[in-house]
Structure formats: structure tokens, C-alpha cells
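Next up: just one chain, as C-alpha cells, the form predicted alone.
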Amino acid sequence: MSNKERIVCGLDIGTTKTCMLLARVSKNQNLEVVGTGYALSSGLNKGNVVDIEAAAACVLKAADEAELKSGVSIDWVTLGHSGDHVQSFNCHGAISIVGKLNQVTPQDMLQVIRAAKAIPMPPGRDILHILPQEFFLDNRGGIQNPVGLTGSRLDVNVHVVTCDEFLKQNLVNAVNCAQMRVRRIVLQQLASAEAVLTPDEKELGVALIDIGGGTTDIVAFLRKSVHHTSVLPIGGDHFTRDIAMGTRMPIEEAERIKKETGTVSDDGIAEDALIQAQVIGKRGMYGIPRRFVCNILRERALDVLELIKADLEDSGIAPHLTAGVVITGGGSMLDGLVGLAEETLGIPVRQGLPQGIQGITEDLSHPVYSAVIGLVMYGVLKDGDQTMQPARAGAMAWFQNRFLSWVSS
């Protein structure tokens, strides 16, 4: 590669799969996929590492495949993070403007965000992100960038995302054991949102629902700012286990049935339609009524959707979701889920596919890869210091690095 070329690496370590994506960054910040890696995950439960050696082996397998395809050695990664330990809240910060002519400077922006960040945290909790929502100058709101404006008092509303520091470190340790280092950690649903949401949706009000194997991750935008994030400890694996328990299938067989013939709608299914599957205690293949499996999946889907609905209503963001809901992640592929979600949530719902990056094959243009593609995009768009050449990190202007380090760490 030429000296001017930069490579970004996104790493999504999920409960069921581990994905890595390498992309080349052009001078005008366009991205082109140069390598991908994939491995079935082990050593994780609901997004949390429970076996570091097993998790590291999956990361290493995905990295080996990505390096072989791209010819690039991977040293640093932008890492996605989720888990039922992630918690968030909105808070406020304020400072007085005392500089020349009372004009707001970049340092004032850093200081007011620092003031919002100065909140007491329980022992064992880390701040993962501080995301500005809106600035106020002398009580005048609706300001996205106050630098250069004049006033005596600067306020900011921010969204704070926290996590368990030890569970986060376990994830980092798994990457380190795979002989790589973490440049930065990004909340999983923020990365997915970067890949699948449009600017208009973020402006009007939208909720992204990323249904993974072990968790369902939620983020809601309004006026292009994050107003709510949450993680529900339920995901696609629960659908699979429901089938396995209801029919006495092995887990792998239940997963196959879910993917190949699973649906949450019984429209068009004949009363006598059977699914041929292996069942524990039976020899050979055994016929199971397809409507029975459909009802299992539908009941679990309704449970998940009701939890999502309650979460959005409790946060206060539900009335502001003019652009509706976008669902992504592997769990969103379940047949009929979009229609059932519209019926249950009472607002428009669409499925989110990753976009905005060159070289995405048909295989990559899939909800399963929304997070890892978003991690690469997030790295370039949000923090130039995450981009790298094969041996050394890149750099940007001092203020951009300093400001972004405050709002996202």
C-alpha cells in the first residue's frame, strides 16, 4: 500500500458470531472493503466474556481470515461493546464564559462537557460515551456548535453511557490475547446506527433496534442527537432455545429450523404442514407441525416487542419517533417480524441494511454485518485517530482529537 493509504479495522465480538472488517480510507474519507473475517463465537454469554481463551480463539480466527484476504497485518481495532450491564442516562453541564468578548471557544466546549462528565459514578462503573445533545447559550437552545457565538453562560445536555469496568476489560483482554490492541470501544447500537440510519431519520426521530444473539440493543435519535440507549438481555438465541425446548430438538437443529422455515406469521401455512427435523429420543427425521413452531416463535417475538415498546415508552422518546423504528442484526431476519413489529409498536418499521461503503458484497449487505460495518464507518467519521497505516496510527487536528475523546470516552 502507498504511504497515504489508511486502513481501519472494525471488530464485532457477538454472542453467536465474531466479525472483522478492514477498509481502505481514501483522501475524501470514502471507504472500500479490503478484507473480512468471520468465526462462530464461543466464550460469551449475553455479550459478556465468560471464557477469555475461547473468545480470543474466535477473534484470532476472524483476524487470520481478514489478514489473508487483505494482505494487511492487524494491530489496532475499533471494538463494539454491548451486554446487559450497559446503562445510560441524560444529564447536564454548565460553565461561565469569561474569555475575550465572551466568545465561546473550542476549549469552552471541552470544559462544559467536562462539567457534565463530573458526575459521581458508583464503584466499578466506567463511562463509555458522553454524547452531546444540545447546547444552550444564555438559555437559548437548539445550538449544535456554539463555537464563535457570544454569551455569558454555556450549558449542554448530554447522554451518558456507562458499563461495568471489569466486564469491559474482559472483552479488551480477549482481544489482547489474540495479539491485537483496542484503539477505541464503541457501543454496539451506535455503530449499527452509523451503518443503517439516514440523516433524515435521525433528525425526525427514530429508534434503531439491533437484535443480536444474546441481547437486543436500542438507540433513539432526535434532532440528530442520541436521546436514549438501552440493552435488553434477550436475543435470537432465546428464539432458538424456545424451539428446542418446545419440540425437544437439539440446539443446532432448532437453529437450522428457525433460519430455514421459521416465521412469526401463520398466513399461508397449511394446517397439516410438517417440518422434518431431528428430535431427541427419536430415530431419523420426525414430522413437527409447522404451525406449532410458528406459534413458539410468535410468542417469543411478541415478548421481545412488548419489552421494546415498554422501554421506548418509559424513556419518553416514543412520542417523538416520527421516522419510526429500524430493526437490524441477525435476529431481524426472522420472517414476518417487521410486520409484527409495526402491529405491536404502532409505528412504521423497516429493516435496516448496512450502506455507505464501497465493496460491500451481497453477503455483507446483510443485517448481521450492520455493527461491524458501522464500527469502521464510526472510526473514520467520528475519530480520525482510529484510522491507521499498517504500522502506526494516523492523526488529526489537536482540537478534533481532544473534543472527540471527551464526547466518546
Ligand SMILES: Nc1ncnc2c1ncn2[C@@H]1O[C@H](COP(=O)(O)OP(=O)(O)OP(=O)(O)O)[C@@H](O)[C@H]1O
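The shown structure was predicted, so the numbers you read here are calculated from the model rather than taken from an experiment. Residues carry their position along the shown sequence, with the first being 1.
Just so it is clear, the following notes concern the form predicted together with the ligand, a form of the same protein that is not shown.
Trainee: Does D237 reach the ligand in the model of the complex, with heavy atoms at most 4.5 Å apart?
Mentor: D237 belongs to the contact set for the ligand.
Trainee: Taking the ligand as it sits in the model of the complex, is V186 near enough to touch it, meaning that at least one heavy atom pair lies within 4.5 angstroms?
Mentor: V186: no contact with the ligand in the model of the complex.
Trainee: Within a 4.5 Å heavy atom cut-off, is L334 in contact with the ligand in the model of the complex?
Mentor: Because a heavy atom of L334 falls inside 4.5 Å of the ligand in the model of the complex, the answer is yes.
Trainee: Does G213 make contact with the ligand in the model of the complex, using a 4.5 Å heavy atom cut-off?
Mentor: Heavy-atom contact with the ligand at 4.5 Å: present for G213.
Trainee: Name the stretch: of 256 to 264, 146 to 154, 97 to 105, 170 to 178, exactly one has residues whose heavy atoms fall within 4.5 Å of the ligand in the model of the complex.
Mentor: In the other structure, the partner sits against 256 to 264.
Trainee: Do heavy atoms from each of E194, T198 and G352 fall within 4.5 Å of the ligand in the model of the complex?
Mentor: No, none of the three is in contact.
Trainee: Could you check which residue among L340, V368, I357, A56 gets a heavy atom within 4.5 Å of the ligand in the model of the complex?
Mentor: So the residue touching the ligand in the model of the complex, by this definition, is V368.
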